[in-house]
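First, one chain by itself in C-alpha cells, the form predicted on its own.
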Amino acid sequence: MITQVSSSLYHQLTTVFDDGLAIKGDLEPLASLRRNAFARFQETGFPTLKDEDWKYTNLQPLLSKNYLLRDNLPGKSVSIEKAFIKGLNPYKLVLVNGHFRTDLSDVVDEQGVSIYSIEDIHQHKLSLRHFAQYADKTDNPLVALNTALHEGGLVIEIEKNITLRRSIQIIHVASSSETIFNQTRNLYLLGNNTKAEILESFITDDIGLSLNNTVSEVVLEENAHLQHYYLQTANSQSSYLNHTEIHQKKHSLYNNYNCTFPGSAFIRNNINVRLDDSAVESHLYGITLTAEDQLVDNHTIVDHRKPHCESYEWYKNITQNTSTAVFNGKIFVREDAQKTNAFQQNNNMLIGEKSTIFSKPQLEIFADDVKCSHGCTMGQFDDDALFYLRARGISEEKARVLLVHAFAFDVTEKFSSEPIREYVDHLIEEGLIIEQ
C-alpha cells in the first residue's frame, strides 16, 4: 500500500519514472531492474514513523519539498579543499551531486584497478553481474527507489592479488543553488587476496538544500581486506540517506569507520554486513558528535550466516544542544553459524540536558555453540573527573575536550590510518560546544 501519496517528492519521482526518463537509453537487464525496483518502491512508499526501524526518524519534513531532479551540473566548478586531510596522499575521486567528475579527479595509475562511472556498467560483465544483487534483497524502500532512479555513481574494480599503494578518497560534493534530490549508486569489487583503503568524505559547496539518497554495494572475495571510512562533514543544508551493503567471502576482512560531526541536518546510515562464508571477520566502529538540531541515525546489521566467523561493533554517540542521535544495532546468528564470536557495544554521552539519544542493541541467536555479547551505557560528564582536572590547573574548556577525547578513544584507537585518526580527533575538538 502506498503511504505517501500526498508527498510532493513521491509525485515528482512517479512522474519522472512514468515519463520514461529513468530508463531512457538503458539496455536490458538494467531497464528491467529499474522497472521491478520502482514497482517494489510503489508497494510501500517512503518509510513513516509507523515503521519500527524509523520510529525515531521522521522523513516527512524532507519529503514535502519541491526538488530539482536529474540535475547533471556537468560544468560546474566546485571546491574540494575542505575534504583534504593533512598527512594523507590518496587518489581523489570526486562526485558532484553523485556524478563522477573525471576533470576534478586523480588518475589511479595502478595495475589491476578499474574506475568508471556507474552509467558505463553495462560495458563490464563482472560489475554487471554483481549490480543490485545484495542491497536490493533488503526491505529498505529507499534502496528500491535508488535502483530505479539512480543517476550517477562510481564503480571500483580491483583485480585479485592487488595491494593498493595509496588509499582512495571519494569526495561526495553536494553543490547547487537550487533544492535538489540526488540519487547515487556505487559498487566496489575487491578480488581474491586484495587489500585496499577507501575513504569517503561528504561535503557541501553551495547554498542550496540537498537530499542525497546513496546506495553502495561492497563485495569482498576470498581473503580480500578493506579499510572503509565515512567522514561526514557536510553543512546543515545537506541531508543524507545512506545504505551500505557488504557481502563477504571466506577469510575476508571488512573494517568500517563511520564518523559524523556537527553540520548536516539529517543523516540516516544503514550499514549491513553479510558474513556469507566461513572464517570471515568484520569490524564496525562509529563516532557521532552532534550539535544544534541535528539528527543522526545509525542502523547496523551484522548477519552471521556461516560458522567460524567473528564480528566486533563499537559505536559511541556524543550529543549537544537539542540534537538527537539514534543507534540500532542488530546481530543475527543463523542456525548454521556455529562457533560464531560476536560483540556489540554502544556508549553514549549527553552534554547538556536538552539532547536526546535512542539506543536499541539487538541480538538474535539461532545457533547453540556461539560466544555473543552486547551492551549499552548512557551518561554525562563525570563531575569528579572534571573537578580533578580543573584542580590541577587545566581550564574547563580544555578539561572537557580531554574528557571527550578519552570517551572516544576506545573507538578512534582502532583506526588503521594515523592521519585519519588525527583528523577525527581535530574534528571532535572543533565540534565541541563548551557552553550548554
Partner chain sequence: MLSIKNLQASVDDKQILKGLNLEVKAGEVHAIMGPNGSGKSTLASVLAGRDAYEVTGGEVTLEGKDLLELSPEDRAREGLFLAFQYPIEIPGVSNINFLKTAVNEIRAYKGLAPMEAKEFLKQVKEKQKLVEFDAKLANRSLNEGFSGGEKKRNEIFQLAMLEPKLSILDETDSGLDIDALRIVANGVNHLRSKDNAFVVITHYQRLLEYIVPDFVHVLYKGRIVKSGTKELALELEEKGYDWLKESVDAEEGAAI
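In this text the structure is predicted, and so the values were computed from the model without any measurement. Numbering follows the first chain given and starts at 1.
Another form exists, predicted in complex with its partner chain; not displayed. Remarks below refer to it.
At least one heavy atom of L389 is located within 4.5 Å of its partner chain in the predicted bound form.
Mapping the unseen interface onto this chain, K398 counts among the residues with a heavy atom inside 4.5 Å of its partner chain in the predicted bound form.
Remark: D384 counts among the residues lining its partner chain in the predicted bound form, judged by a heavy atom distance of 4.5 Å or less. Under a 4.5 angstroms non-hydrogen atom cutoff, its partner chain in the predicted bound form lacks A39 among its neighbouring residues. This chain lacks the partner; the member of L69, V411, L403, C372 within 4.5 angstroms of its partner chain in the predicted bound form by a non-hydrogen atom is L403. The listed set L63, L30, I394, A367 contains one residue whose heavy atoms approach its partner chain in the predicted bound form to within 4.5 Å, identified as I394. In summary, the region of this chain contacting its partner chain in the predicted bound form, judged by heavy atoms within 4.5 Å and restricted to 55-63, 372-380, 39-47, 403-411, corresponds to 403-411. For the stretch 320-343, the set of residues having any non-hydrogen atom within 4.5 angstroms of its partner chain in the predicted bound form is empty.
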